[in-house]
Structure formats: C-alpha cells, structure tokens
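Below you will find one chain, with nothing else, as structure tokens; this is the form predicted on its own, and questions on how it binds or moves follow later.
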C-alpha cells in the first residue's frame, strides 16, 4: 500500500510547526547535502531553522534554553551515539525541571539511528550507528518512543504537542522509507511472542516467512512506547499472546541488551507470569572495520535465537 512515508510525515509536521506554531528547529548540518535525509523542510533561519555549531556538548543546552523560552523546539541529533555528548543537559535539567520547580521544558528530540553507512561496506563505528535510547531510559521525566510507521510518527508528535514533557523520539533511518502500517500478529497456538523495537521490527518481518517454513508460529506485538511502557489497549492482546505461547516471549532491540530489552522483558515476565527473553546488540565495542561493526539483530540472528529458545524449552 503506497502512500505517505514516515519521512513525509516528519517533514510535514516540522514545516507546520515552524510556520504556524512559532516553532524552532535546531541541529547540526541541517541544510547540508540531503537536508537530513530530506526530513527537514527547506526553510531559512528567518523561518526558525537554526544551524548549531559543531560543538557537540553545547547543542543540548541550547535546545533546553530554547524550550524554557516557550518555543517548543525540535532538536535534531543526526546520530544517536552523539547523545553521549548531548544528553547531560537534557536529562539533568529538562527531565527534572517540571518535577523540581514546576517549570515544564517541552523539547522534541529527534534522535536518529542507522545500522551502517551503506557506502562501500564501511562500518559506522562506536558513535554514529545503532540505537542509544538506553541513555535516556534510566532518567525519569523523559518519555521515549521508537516510531517506524507514518501513523506512529504522527502519534508521537501529537503526544508532544498535547503535553509539556521533553520527548525522546528514537528514530531510525530505515523507518523513513516506510509507507505502510505494521499490524500486530496474534495467532492461536503460537510458539513464541516477539516484541520488536525500532528497526528490528523490519527484521522480524523478514524473519517470519522462514520461521513459518520451519514450522515455528510467532505472535508479534510491535512496541512504540518504550517509556513509560505504554501498552494501552494491548494489555489483553499481550496477556493472550504470552498465555498462548508455548515458549514465552522475546524482546528484540537495536540497543545494547543490558538496558531497555532486559527491562521490558523483566516487566513482561512478572506481569504475565511467562518466560521472556531479550536480544539486542552484542556486549562489545564497535569499530570502524566492517568485521568489527556491531549491528542490531538481523533476521538470521533472530531466527537463530528463536530456534535456541524453542529447542531449550522442549
């Protein structure tokens, strides 16, 4: 089903925000070749598009100050690994301001992940690649969402505009091309229930056909809200899925496994009294050589993990 892509949605709500809401959009290299993958409206500084300096540690503080002025900024961080430099002011001020002083700091953080450059097989290294939403996961006061589809991006933006929290939008470049919605799958007599996050949702779609050929039946519950863990009207479906899954569940994430994935697996395990496993980045540092890269679980790795769970549970 062809239609509006996630990229189109991001660009549309950004342009509307700048033109009609006295909004402002800040980031590094916004107007460089590609306009951040064509997700940035081609506007000017007079329209509210602000190029920040290449001092990585300063951007977060500027964005926080802008939010306190009432402009509701969109803060674009081109690579999620840069959050190691940008996060301190956001998590230590924006996340705490409302609780401590009753002063909200509404800031929309577009934190962009990618799996690899795709250029001549070069690896992205330890900073530019993958998801790093775990950095924000530990700090109260920052809701975290990982949209992939057009309607999900719109829903996260609508939430931001109707609340006064700083929102961490964990984006993935693979999601920009998506022009369809991804429904949950709940089948009777399933072997396992999968809970994929961010780009791993697309890898799960690739894996399902081979899993079916192997005779492994999977439920899939797509996770949009990471924190708070917003199950919304999915509680009954999750309970039903795990109850009917012979071998429990598997949370799949593109961040390091010792963080979001294990935290969610813990919550699901105790809430629904079912074994839930976790799969994410390997616990090792990535390098710039292709053989040293550290990427989110591929469809093959997901299949291997599921086969291990099913075999060990027999």
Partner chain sequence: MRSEIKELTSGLSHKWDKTETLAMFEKFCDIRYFEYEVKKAYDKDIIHMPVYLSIGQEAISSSLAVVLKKFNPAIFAQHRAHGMYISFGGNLDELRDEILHKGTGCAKGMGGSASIHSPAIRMYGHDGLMGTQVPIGVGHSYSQNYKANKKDYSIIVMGDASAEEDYVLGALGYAAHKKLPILFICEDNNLSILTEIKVRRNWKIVDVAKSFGMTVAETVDDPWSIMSHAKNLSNNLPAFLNIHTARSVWHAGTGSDGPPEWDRFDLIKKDLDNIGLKKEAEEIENNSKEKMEELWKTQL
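Source: prediction; values computed, not measured. Residue numbers count along the first chain shown, from 1.
FYI, the form predicted in complex with its partner chain isn't displayed, but the following is about it.
Interface residue remark: residue 267 is not counted as part of the site for its partner chain in the model of the complex, having no heavy atom within 4.5 Å.
In the model of the complex, its partner chain sits within 4.5 Å of a heavy atom belonging to residue 61. Although the partner is absent here, residue 205 sits far enough away that none of its heavy atoms falls within 4.5 Å of its partner chain in the model of the complex. Residue contact with its partner chain in the model of the complex: residue 22 places a heavy atom within 4.5 Å of it. With the partner omitted from this view, the residue of 69, 285, 273, 258 that lies near its partner chain in the model of the complex is 69 [heavy atom within 4.5 Å]. Just one listed stretch, out of 98 to 106, 184 to 192, 215 to 223, 168 to 176, contacts its partner chain in the model of the complex at the 4.5 Å heavy atom level, and that stretch is 98 to 106.
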